[in-house]
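Form predicted on its own, single chain, as structure tokens, below.
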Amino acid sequence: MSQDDNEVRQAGVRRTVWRSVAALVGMFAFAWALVPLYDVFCRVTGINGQVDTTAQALVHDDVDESRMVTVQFITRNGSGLPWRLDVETRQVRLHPGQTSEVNFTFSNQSRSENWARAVPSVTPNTATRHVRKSSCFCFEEQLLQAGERVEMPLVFQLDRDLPPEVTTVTLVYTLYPVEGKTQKLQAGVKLDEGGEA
């Protein structure tokens, strides 16, 4: 093999390595940005039941009394959270444009205080943009003391533009622990019990 062939081969290897590194960096950047981009896409389009977790103004237009819609409520607990979430009414029937209030009960069944967040989702996806919440426990993280039980309202409305083929809307709330805050609380308790840090 001549000197020129060897240099050409080494240049080809270097080019391949640089292209591979660039592709690897590009794939990492894409993977890192994928979750936030997907969340934004789902919130904008209402796909995958992602809902806005900020208060919205209720519209006091005329109620569409020509039809009724059933709204179902499902509660779930994520793993690692010693809480219970219950709803006083599993379903309500209302007219689009009508405001409704349903109470949910949170119970911390552990011996320590914990932080949690209720993450909402809506089905069918076409109904997501038509659910307005003026008051919801899902807007912020919740702190419950050991053994504490709290009742919190959900005040909502289905807007009049809800597609006519939608006759049932399901609101699902899943409780997840807020790890960072709970761990800080538990570390603070250990420091208090142990004396000095």
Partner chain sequence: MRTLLVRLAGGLTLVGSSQVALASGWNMPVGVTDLSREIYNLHMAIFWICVVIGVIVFGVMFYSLFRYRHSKGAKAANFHENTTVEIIWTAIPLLILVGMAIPATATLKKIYDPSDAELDVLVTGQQWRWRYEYLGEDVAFNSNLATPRAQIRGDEERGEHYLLEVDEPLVLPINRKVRFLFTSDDVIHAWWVPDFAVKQDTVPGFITENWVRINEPGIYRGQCAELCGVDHAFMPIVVHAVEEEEFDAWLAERQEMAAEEAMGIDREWELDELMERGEGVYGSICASCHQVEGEGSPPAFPALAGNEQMLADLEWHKDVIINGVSGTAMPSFRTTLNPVELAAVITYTRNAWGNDSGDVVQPAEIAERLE
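Residue numbers count along the first chain shown, from 1. Everything numeric in this text was worked out from a predicted model, so none of it was measured.
Quick note: we don't show the form predicted in complex with its partner chain, though the next part is all about it.
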| message | Can you tell me if residue 106 lies within 4.5 angstroms of its partner chain in the model of the complex, counting non-hydrogen atoms only? | response | no
- Query: Looking in the model of the complex, any heavy atom of residue 155 within 4.5 Å of its partner chain?
  - Reply: no
If we define contact as a non-hydrogen atom of the residue within 4.5 angstroms of the partner, is residue 94 a contact of its partner chain in the model of the complex?
no
Hey, in the model of the complex, does residue 83 get a heavy atom within 4.5 angstroms of its partner chain? yes
Those residues of 65-92 with a non-hydrogen atom no more than 4.5 Å from its partner chain in the model of the complex are 72, 74, 76, 77, 78, 79, 80, 81, 82, 83, 84, 90
